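What follows is one chain in structure tokens, specifically the form predicted on its own.
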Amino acid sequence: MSNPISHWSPANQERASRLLEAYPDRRSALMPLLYVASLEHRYASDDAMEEVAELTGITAAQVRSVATFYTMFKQAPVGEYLISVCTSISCHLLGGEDVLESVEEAAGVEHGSTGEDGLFSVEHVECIGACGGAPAVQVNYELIEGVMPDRAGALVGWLRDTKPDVVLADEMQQLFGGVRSFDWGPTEAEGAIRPVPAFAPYGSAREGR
């Protein structure tokens, strides 16, 4: 039987193998494998979904049904920094729409789009579980709470100027955040290196500066 991911990087092939070994039923590794495939392809492409289907022993249609249900699996190429602005009720009432507008203006990208230079993608999202720290923003799924419109624009400028290899929630919160929903506790040393949630086993997390 041919290896459907023989063209993947050695590191991602190893991650996929470890994930498959971690589950008694291979299909249970579907979602983490989609994240690793997204790292390899930069999004959940048609090829990525077919490769995951072969790895898990299910059909490509079944993989697609999962990848299209969960919005964190992207169906098109995403910029280096995915900026997600919550516009659900708490954030909306506290200025989430103004934050989104500020992000769009500073990035030069409308929500639901990716800039031509591939640096930013912007989206508005439903509740991300930070109602007590509204308005809330994520960069590559790293959370910032209490973001005001002017600070949202400054965040975009900082990302453009510094182009951090690792996006750290604690660093961005200190620089651009405000009221938090609760005390976050110890500082997290690891952050996101791609527009994929930062999980060390998936290869999408790394220790920051």
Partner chain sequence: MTTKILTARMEAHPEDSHTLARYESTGGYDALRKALAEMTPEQIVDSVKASNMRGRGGAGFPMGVKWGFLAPAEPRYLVINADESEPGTFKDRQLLERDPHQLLEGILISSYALGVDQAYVYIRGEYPKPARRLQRAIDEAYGAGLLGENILDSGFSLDVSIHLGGGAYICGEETALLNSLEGRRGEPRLKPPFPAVEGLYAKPTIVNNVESISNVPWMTLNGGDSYAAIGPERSSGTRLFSLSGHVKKPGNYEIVMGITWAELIYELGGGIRNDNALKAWIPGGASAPWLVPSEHLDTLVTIDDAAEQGTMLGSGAIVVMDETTNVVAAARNIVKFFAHESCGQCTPCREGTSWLDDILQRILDGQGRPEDIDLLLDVSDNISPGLAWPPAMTTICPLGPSATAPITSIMRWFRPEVEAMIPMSEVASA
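Numbering follows the first chain given and starts at 1. Quick caveat, the model's predicted, so the values are computed rather than measured.
Keep in mind the form predicted in complex with the partner chain is missing from the figure; the text below concerns it.
- request: Although the partner chain is absent from this view, report whether G129 comes within 4.5 Å of it in the model of the complex, heavy atoms only.
  value: Although the partner chain is absent here, G129 would touch it in the model of the complex, with heavy atoms inside 4.5 Å.
query: Do R160 and the partner chain share at least one heavy atom pair within 4.5 Å in the model of the complex?
result: No.
message: Although the partner isn't part of this model, could you tell me whether E40 comes within 4.5 Å of the partner chain in the model of the complex, counting any heavy atom of the residue?
response: Looking in the model of the complex, residue contacts with the partner chain do not include E40, since no heavy atom lies within 4.5 Å.
query: Taking heavy atoms only, is L119 within 4.5 angstroms of the partner chain in the model of the complex?
result: The answer is no: L119 has no heavy atom within 4.5 Å of the partner chain.
query: Does any residue in 83 to 116 get within 4.5 Å of the partner chain in the model of the complex, counting heavy atoms only, and if so which ones?
result: T87, S88, I89, S90, H92, L93, L94, E97 sit within 4.5 Å of the partner.
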